[in-house]
Every structure is written in structure tokens, then in C-alpha cells.
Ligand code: PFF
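The data below hold one chain only, encoded as C-alpha cells and taken in the form predicted alone.
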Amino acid sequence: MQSDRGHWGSNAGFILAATGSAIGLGNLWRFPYITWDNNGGAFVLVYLVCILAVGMPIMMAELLIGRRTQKSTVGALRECAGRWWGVFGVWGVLCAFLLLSYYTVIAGWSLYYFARTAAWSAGGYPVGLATGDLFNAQVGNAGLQLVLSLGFSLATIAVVWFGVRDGIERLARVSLPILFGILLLLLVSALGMSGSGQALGFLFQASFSELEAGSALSALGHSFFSLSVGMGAMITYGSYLSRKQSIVKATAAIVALDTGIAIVASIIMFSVIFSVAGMTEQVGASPVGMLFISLPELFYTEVPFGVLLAPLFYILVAVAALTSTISLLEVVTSYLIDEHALQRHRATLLSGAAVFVFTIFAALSFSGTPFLSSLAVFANKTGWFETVDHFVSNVMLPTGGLAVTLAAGWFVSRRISHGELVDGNQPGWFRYAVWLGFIRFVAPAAVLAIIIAVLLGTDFS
């Protein structure tokens, strides 16, 4: 059965697929928002330190557990760390399941805005359009939300249906270069705007006097969330790695690409914002406001060649979202294949259908649907969408990440972890010792700090 699971066709294919999983809306949506909210500069520097000290060691841990066992998250943790660790694998599968159910709704919004910007580019931007009202109208339209979510769900299922090499890797080889190309085109355009100098200064001039009390915690939280760790995605992707592929080199490439794309996306968005007089006071109230309310109008009223760049930008958002949704569905699908001996096609359809039931709940929670719109479990969170997002972001991801750090650092034998991280006969003891120190002490302490912050009232959703 393991031989039928599939493997990545090449190291480049794996890196592109894993980078696509990590990129997602966190880079194009959440990172620019929290960077803006935390005054850039020093926050970006702290974030980079957290990525190296926390995100990268945990990603290496997940990949080594997956490659060692060639199993999905449940079987991998059970085999590598001990029988009871399989429970945390189930927790990771449930996390991916729930996250995908509402992430698909947000991904559907990118399809809507691509269609709208394409229409505006062809027929002209409506004078006096209130983009905030437009956004509220589309999320409150139950039928539209279901159609958009269904379309994105079907696209995700179609890719996972074809497997690791012919589905996920093939899409990554096509979509990621397209994503990079669009991003480069947008960057060149952004650097030609009048506000680009301010944007670069805002991002790269570190003034620690402007670093707020909670900024370091925000940087720590996003460094953990941005790399798709804590939910079994990298364990699953790692289980398709061959022994010839280096975990250390692949992780470094994934982290570099993921972080670079987040920073480039921020340069683009901030260049647009700083180029418009008075706009700095009007954006940043929420990630939704920045991506789906402020930017559409700016593309057509202030940005040179905006009629071309606006549809391209929302294609970029849609592609980034799709590469993430397929990794989340693959976590659930691989669990059914490995633990319940289902064929891939059947496992994919069952996983996709089950997730979509909960996607319906999330899609309808904005339209006044009884219970789904009024559900209130957590303070200041109303509706199914906000409730599940809060639970996944503040409970499931941090506890799953903590479990992985403890399993890899203290319960996976050093013989196994060293054998996976040190390539061939290379003298890698120092590099391994550094990783072991971070995964045993630094990463668990950092994730525990996130959990304590949640208990004290911090919201990472």
C-alpha cells in the first residue's frame, strides 16, 4: 500500500508544492495587515528572527517525521514517537479539515474579485462605487457564496484526485512560476509609483521605538502560522519525499521563498497605499479591508496600468489560495488512504464532500442564516465562520505545533532524527545539534508563549 502512495517526481517539484502550501492567503493577506498594524520596520526584523528560530525548526521536524515513516500524520507520529502520539495526528487531520472548510470561502472571494475586476477593466470602473458595500453585499449573498465555494472546492478536489505527482506537483510546476511572474510584474509596477520609497522605508527601516508591546508576540504567532506547520501538512508532504532529497536544503528554500513572497506582496500593497494622499488613514482596519475593500478602488483610480494589474492581482490571490487548499485536502485524503486503506479517488471524493458540508456552514454564516450567523461561543466572535476560525487559529494550530516540537525533540530517537537531517556522510553534527537545541527548547517555549497569550486573551485568528 505504501508503494502506491506516490512520491514527488523531483526536488524542485516538492519545493514548489510545499512553498505553495505555505504561501496561501497568509502571505498576501495577513502578513501585510499585521506588518501595517505593527508599524513595519522593526516588526519585520523580529518576524525574520522568529521564522529562523521557530518556524524553520518545526518545518524540518515535520518533514523528517513524514519522510522517515512514509505515512500520513497519524501513522507517522505513532510510528516515530510512540503509540499515543497518533492522537495528536488525528488532531492535526481535524485541524486541516476545519481550516479548509472556511478557508475555501475566503478563497472563493478571490474568484469573485477577479471576475469583477476583469469586468471593470473591460467596461470601465463604476463612478462612485462604494467598495465596502460591494463586499458586504457579496458575502451576504448566500447563493453566490455557495457557488464560489463550490467552484473552489471542485478545483481543489480535481487536483488531489490525480495524486501527488500528476496532480499536486504538476499544478505546482505550472502555477508557482505563474504566481512568481505576476508578482514580479506587480512589483515592477509598484516600484514605479510615487509612494514606493515610503513603502520600502516603512518595511526596512527598523525603528525599535515604534515597536509596540504586542508586536513581538504578533511576529512570533505569524512566523508559526505562515509555514503551514501544526496541522500535518508538512508531515504529509514529507511522507512523499525520497531519501535522495535533502530536508535541510528543501526547508531553507521553502522558507526563503515563502518569506520573500510575503515581503514582496507587502511592498506592492504599501506602494499603492502610500501613493494615494490620505489613504494611510483609511486602510488597515482589518485584513478584509485592505485586500478586498481598499485595493480594488485604488487599482482603478490611482495605480498606473491598474486596469491590467487588478485582474492579475486577484489571479495571484486565487492561485496562492488554491495551492494551500490542495495541501489541506491532501492531509485528510492521505489519512483515509493510509489508515483506512481507501483508494485515492474514493478517499478524495469522501474528504472533499465531507469538508464541503462544513464549508456550507461557513459560507452561510454571513447571510443571516439562523444559528450559523448568530453562534457565539467565544467573546467578540459571532457566527460559524468566526467561531471556527478562532478555535483553529488559537487552539488547534498552537497545540498541534507544540505536540510536534515535543515529539520530534524528545520522543523521536536521536538516531532517527540525525539520520534524516544529516545527508549522506557529511559531517553535520554541529548543524544537527543546533536544530536539536531549537526544537527541544526554543520552539516549544515559543509555541507555549503563544498558548499562554491566547489564555490571557490574545487573538491570533
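One rule holds for the numbers: they count along the sequence shown, beginning at 1. Worth saying up front: this structure is predicted, and the values here are computed from it rather than measured.
In what follows, reference is made to the form predicted in complex with the named molecule, a form of this protein that is not presented.
Contact with the named molecule, judged by heavy atoms within 4.5 Å in the predicted bound form, is confined among 51-59, 401-409, 22-30, 64-72 to 22-30.
The candidate site formed by Tyr103, Ser228 and Ser327 is fully in contact with the named molecule in the predicted bound form, as each residue has a non-hydrogen atom within 4.5 angstroms of it. Ala233 is the sole member of Ala219, Ala172, Ala233, Ala310 with a non-hydrogen atom within 4.5 Å of the named molecule in the predicted bound form. In terms of contact with the named molecule in the predicted bound form, the residue from Ile315, Leu364, Leu99, Leu298 that brings a heavy atom within 4.5 Å is Leu99. Taking a 4.5 Å heavy atom cutoff to the named molecule in the predicted bound form, none of the residues in 370-407 make contact.
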